[in-house]
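A single chain comes next, written as structure tokens; it is the form predicted on its own.
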Amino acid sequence: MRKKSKAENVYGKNVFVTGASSGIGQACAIAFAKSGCTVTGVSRNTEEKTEHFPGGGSLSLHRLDVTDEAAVRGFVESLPGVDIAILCAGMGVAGPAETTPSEMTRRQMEVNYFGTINAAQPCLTRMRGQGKGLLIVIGSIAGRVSIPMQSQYSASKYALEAFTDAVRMEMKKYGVRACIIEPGDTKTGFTAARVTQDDSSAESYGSVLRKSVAKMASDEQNGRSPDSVARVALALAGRKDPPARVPVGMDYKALMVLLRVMPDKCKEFILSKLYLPKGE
């Protein structure tokens, strides 16, 4: 049987990536640069440099905080072009919904939701003006299924699902496409960077919080490579009419199908068994 050839990028070679210094963002930036694209990557903490790849592609890294709306808008407007935007910047907060401090919740939404909007809006303006473009938002399976002790993280990713759905409908007539990739457990620096509520301020939950976070960390560090997400992003760039959302991996695709027909009580029972171990 003849091997199916990889779909060609149908949107253009100018690619903008947030969160490009590590994890999924870095994997996407490198993958598109290796495919021959001119990639501009940004991150809050990164060494500013440019790397060239065989085939004519390049990756330029720049220091930029996605929560600084004016700085992000000015940076995007200064780019020579934005054909594809891959918005990966994010962080995680863990803690009981009852006791998570408001400052942790605000930081979660500021980075994951507002940071994505700050980058998306000027990119969409550029794409609408040129009559073509692709917006890829990195969401999460947790944006479809709320995870206990990750209520704020799940909420931020749920918000991205709604935002991306609206963008897709609004921008279609301008030739701009939008989709969200939904990774599950992925082995990245996200795990070590997770902000967890202090045990003393969640003492009513005993050791449940600590054990739950340990379970999350173990699953993530035994999860897929971020390259698996980059391959999905590359495949989407080859589709003129990409799907609304793409879970990463056949197991998560099957899970999403199953959860659509599973009663809520069954779903909650399974998730509770996985992420709410008995306390001491």
Ligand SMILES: NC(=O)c1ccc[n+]([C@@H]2O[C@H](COP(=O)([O-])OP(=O)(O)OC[C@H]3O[C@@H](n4cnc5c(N)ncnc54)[C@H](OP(=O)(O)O)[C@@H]3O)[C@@H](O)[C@H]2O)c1
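Note that residue numbering begins at 1 and tracks the sequence as displayed. Bear in mind that the values here come from a model prediction, so they are computed numbers and not experimental data.
Same protein, other form: the form predicted together with the ligand, not shown, and the subject of what follows.
Using a 4.5 angstroms heavy atom cutoff to the ligand in the model of the complex, none of G41, T125 and E170 count as contacting. The closest heavy atom approach of N14 to the ligand in the model of the complex falls outside 4.5 Å. Using a 4.5 Å cutoff between non-hydrogen atoms, A89 counts as a contact of the ligand in the model of the complex. Not displayed here, the ligand is approached by T67 to within 4.5 Å at the level of heavy atoms in the model of the complex. In the model of the complex, the ligand sits within 4.5 Å of a heavy atom of I138. With the ligand omitted here, the record of contacts in the model of the complex names 104-112 of 75-83, 205-213, 125-133, 104-112, defined by a heavy atom within 4.5 Å. Checked against the ligand in the model of the complex, the candidates Q152, T186, N118, T164 yield a single residue with a heavy atom inside 4.5 Å, and that residue is T186. Along 11-26, a non-hydrogen atom within 4.5 Å of the ligand in the model of the complex is carried by G19, A20, S21, S22, G23, I24, G25, in order along the sequence.
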